[in-house]
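Coming up is one lone chain in structure tokens, specifically the form predicted on its own.
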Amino acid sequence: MLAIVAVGGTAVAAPKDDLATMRSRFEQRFAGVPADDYGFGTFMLNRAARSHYEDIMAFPPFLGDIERGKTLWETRFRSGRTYADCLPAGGRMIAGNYPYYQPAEDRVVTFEMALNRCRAANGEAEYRYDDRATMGVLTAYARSLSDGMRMNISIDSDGAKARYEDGKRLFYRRIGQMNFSCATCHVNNAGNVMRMETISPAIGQATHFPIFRGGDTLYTAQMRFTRCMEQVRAQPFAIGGEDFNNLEYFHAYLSNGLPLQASVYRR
């Protein structure tokens, strides 16, 4: 059974109810699938595909990208400090706490924002959120330091709930010439085949970004949001902007309690 966990203090009723409803729906649709398997996306539904995935992950073709991210992570800033010096717990086992709501700013802070804030605090120029060669590979390595941590998104204040609700509205809002929403594919049609691809359920998706589509094209969560909007012929929101940050907040909450494994292969 997919466990429902309360994190970060007292759970707010509406998000908790959303989580229960979503998980109950998928428990019925994918009966017998272990909770932790949702992090494998559609590979959880096909034994042969899961075996193929595991073979690829044993020797991932994108290992060079992760190594480049490690180099960026370990390179000292001009201040002499590193990312590990300005992130909680040295940056280990923390990615599952992101995004989080920052009351002092009344906004959602993503993991990539935390990396850029670390750069700015140490006198370095911030990376562009859509730059795969810098922010992309850095995130790929940095999030891998939290593999095995369980997603732990907190919705514990009125401000946090307001941002969550903004993200929820966008998740269910139909947009673009195709009149699709995120939920059209990843709730209503999860497990179905569209354009020769099996559609993954919304729960579990947030546990594994960045992903490498086809083994070589890196996508952070918001890069993937952008691609989805392009595919339904809608004008994408800005990566790192409030719309996508709030959407990521809602989307990540749907995976609460599930284990992280970042930087994985996807078809």
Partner chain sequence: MTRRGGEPQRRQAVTTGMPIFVSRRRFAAAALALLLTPTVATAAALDGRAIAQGQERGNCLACHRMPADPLAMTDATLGPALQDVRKRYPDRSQLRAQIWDAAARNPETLMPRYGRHRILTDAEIDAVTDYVFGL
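Positions refer to the first chain, counted from 1. Source: prediction; values computed, not measured.
As for the form predicted in complex with the partner chain, it is not shown, yet the points below apply to it.
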Exercise for review: Name the stretch: of 203 to 211, 222 to 230, 32 to 40, 66 to 74, exactly one has residues whose heavy atoms fall within 4.5 Å of the partner chain in the predicted bound form.
Suggested key: 222 to 230
**Study point:** is_contact(E124, the partner chain) in the predicted bound form, heavy atom dist at most 4.5 Å
**Key:** no
Point to revise | the partner chain contact at R132 in the predicted bound form, heavy atom, 4.5 Å | key: yes
Check your understanding: Though only this chain appears here, would I239 touch the partner chain in the predicted bound form if you measure heavy atom gaps against 4.5 Å?
Key -> yes
Review point. Could you tell me if R195 has a non-hydrogen atom within 4.5 Å of the partner chain in the predicted bound form?
Key: yes
Check your understanding: Using a 4.5 Å cut on heavy atoms, which of R128, R81, R169, R117 is close to the partner chain in the predicted bound form?
Key -> R128
Exercise for review: Counting non-hydrogen atoms within 4.5 angstroms of the partner chain in the predicted bound form, say which of S144, T184, N97, S157 makes the cut.
Suggested key: T184
Check your understanding: Which residues in 169 to 193 have a heavy atom within 4.5 Å of the partner chain in the predicted bound form?
Key -> Q177, M178, F180, T184, N189, N192, V193
